[in-house]
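Before any questions on binding or motion, here is one chain by itself as structure tokens, the form predicted alone.
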């Protein structure tokens, strides 16, 4: 019975891990290009969740339609915050950018609270389920997982096959060398920040397919923590490492919940949340460059 429950949770964890990975790709991209750690990361995921919920309940549109809309909104937010805040802090000390992105996160939370209120919201997108021997998986979760893979592959092709993608990789390797070669580094900074935020907001739409009733303005904090653990696991400046690390983290998180539930007198959910802190602690001690970092 325990093995069957564990297998089912691992299957769900793998699907959720794909969304975690996509969400963390934005965080890793921003750090890799402009060396800014976005501690307001989870609040942009929250924005995507509200985009999906609003488009479904108010406009009657499928969450799949909300994915490109969320990306466009995220890109717009990325350009706005870059040119109003981040551009002035690119060469500033790390603490300055930490405080700035923290303030951006609080601003997003309070704007969301002002518009939507502080109560939990959600929506019910019933598409049916797939019955497996060990578990039942809603089709919406499979769509979210497939969507995260498609978006990650598209980003990989964009990096590998386009001039802009090559310019971004050049800036990651050596910004001054790229500038000497004629790359508009300031524009690449802005574009990379916008794409990173766009990916993050888009992942919030996919996340609602796993937590359809858990949407509220203050949901972002937990996902910021998870994103940092995943980013360190995959290599903080490696977007591709972040995606694969997200799959690993999803498996560990869901598998650990089943194992913790077998311990008498403990709260498995609380232990699972604390697991992220312990993973981050040991990763920083043992391999701070991550699995795929250099």
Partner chain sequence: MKSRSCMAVAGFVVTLAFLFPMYAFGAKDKVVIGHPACLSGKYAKAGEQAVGGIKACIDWVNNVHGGVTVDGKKVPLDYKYYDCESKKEGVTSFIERLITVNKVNVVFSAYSSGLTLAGAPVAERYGMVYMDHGGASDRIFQQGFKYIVQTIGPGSKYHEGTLDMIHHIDPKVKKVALAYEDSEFARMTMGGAEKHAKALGFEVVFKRTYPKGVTDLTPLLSDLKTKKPDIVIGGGHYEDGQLFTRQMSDLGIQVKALSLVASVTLPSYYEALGGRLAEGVMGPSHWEYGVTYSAAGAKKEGLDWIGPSQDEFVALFKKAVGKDMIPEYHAAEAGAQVLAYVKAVEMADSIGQDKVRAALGKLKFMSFYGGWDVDDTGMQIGHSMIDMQWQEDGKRVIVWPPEAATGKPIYPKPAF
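Note that the coordinates shown come from a computational prediction; the quantities given were computed from them, not determined experimentally. Take the two forms, find the largest set of C-alpha atoms that superpose within 1.5 Å, and that set is the rigid core. Residue numbers count along the first chain shown, from 1.
There is another form of this protein, the form predicted in complex with the partner chain, and it is not shown here; the text below is about that form.
Proximity of residue 113 to the partner chain in the predicted complex: non-hydrogen atoms within 4.5 Å are present. For the chain shown alone, residue 261 is a contact residue for the partner chain in the predicted complex, at least one non-hydrogen atom being within 4.5 angstroms. The partner chain in the predicted complex is not approached by residue 177, whose heavy atoms all lie more than 4.5 angstroms from it. Although the partner is absent from this view, residue 78 stays clear of the partner chain in the predicted complex, with no non-hydrogen atom inside 4.5 angstroms. Here the chain stands by itself, but in the predicted complex one stretch of 163-171, 198-206, 68-76, 136-144, 136-144, has heavy atoms within 4.5 Å of the partner chain.
Taking the partner from elsewhere, every residue among 9, 16 and 123 has a non-hydrogen atom within 4.5 angstroms of the partner chain in the predicted complex. In the predicted complex, the residues of 253-271 lying within 4.5 Å of the partner chain by at least one heavy atom are, in order, 253, 254, 257, 261, 266, 267, 268, 269, 270. Once the rigid core is overlaid between the shown form and the other one, residue 14 does not reach a Cα shift of 2 Å, moving by less than that.
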